[in-house]
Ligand SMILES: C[S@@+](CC[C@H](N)C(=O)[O-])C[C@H]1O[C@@H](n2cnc3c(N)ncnc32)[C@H](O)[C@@H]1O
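Presented below, as structure tokens, is a lone chain in the form predicted on its own.
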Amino acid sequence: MSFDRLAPHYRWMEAVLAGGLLQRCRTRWLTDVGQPRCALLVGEGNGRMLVECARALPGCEFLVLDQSQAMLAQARRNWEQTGANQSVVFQQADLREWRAGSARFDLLITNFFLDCFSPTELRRVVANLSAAALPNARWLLADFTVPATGWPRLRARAVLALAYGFFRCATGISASRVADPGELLRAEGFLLQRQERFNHGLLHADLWMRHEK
């Protein structure tokens, strides 16, 4: 899986296809995470969320992970243009294999990322990320979903069929449909605190929180 080929085009593609809607999803609950000290941004892409995090969380340090070296380069350039002086580390990583080591985070962010993995891979990715989360950590998650009934369900299925067809060819992602990570997060001790749906249920923005067992 690699988004290197799309990196130069991703910003304008998002603007044309979704306007500012995806960014609204990314940032919907950013002001509800308190003041974390260490945040893990996964599949960050070109760094738009990182820039917003720097504004909202001035006392936070960040580790930014992405499998695409080209996306990381764009994220670094966007970050440098902000002139912010927080600690940020950019690291290329495959989240199916990544391990946090001794590092622990009180905020995890996965926006439009978990939908790239097959159910088997998603289980591994969620477990790897959860192992890096502190007790009482927050998890911001924005992604696509399929409504339960009616024309929104039919519409979402059609939109996502086209999207997955394109991204499987362009990037080699393993997923062919959206896999709901909710049960996996609950199994790791996270509970859903906030959720808002957008665009007739096609998108959702979640805030999860881990509770000490």
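Predicted, not measured: the structure shown is a model, and the values here were computed from it. In case it trips you up, residue 1 is the first one in the sequence shown, and so on.
What comes next is about the form predicted in complex with this ligand, which is not displayed.
Query raised in the report: For the spot marked by 106, 185 and 190, is every residue within 4.5 Å of this ligand in the model of the complex through some heavy atom?
Result: Checking in the model of the complex: none of 106, 185 and 190 is within 4.5 Å of this ligand.
Query raised in the report: For the chain seen here without its partner, which of 177 to 185, 37 to 45, 156 to 164, 50 to 58 has a heavy atom within 4.5 Å of this ligand in the model of the complex?
Result: Looking at the partner contacts, the answer comes out as 37 to 45.
**Report entry** Distance check, residue 111 to this ligand in the model of the complex, heavy atom within 4.5 Å
**Finding:** Flag for residue 111 set to yes.
Query raised in the report: Within a 4.5 Å heavy atom cut-off, is residue 27 in contact with this ligand in the model of the complex?
Result: Taking the distances in the model of the complex, the answer for residue 27 is no, it never comes within 4.5 Å of this ligand.
**Report entry** Partner proximity in the model of the complex: residue 10 to this ligand, non-hydrogen atom cutoff 4.5 Å
**Finding:** Because a heavy atom of residue 10 falls inside 4.5 Å of this ligand in the model of the complex, the answer is yes.
Query raised in the report: residue 96 near this ligand in the model of the complex, any heavy atom under 4.5 Å?
Result: So residue 96 counts as contacting this ligand.
Query raised in the report: What residues of 61 to 77, in sequence order, lie within 4.5 Å of this ligand in the model of the complex by heavy atom?
Result: The stretch 61 to 77, when checked against this ligand in the model of the complex, contributes 66, 67, 68, 71 at the 4.5 Å heavy-atom cut-off.
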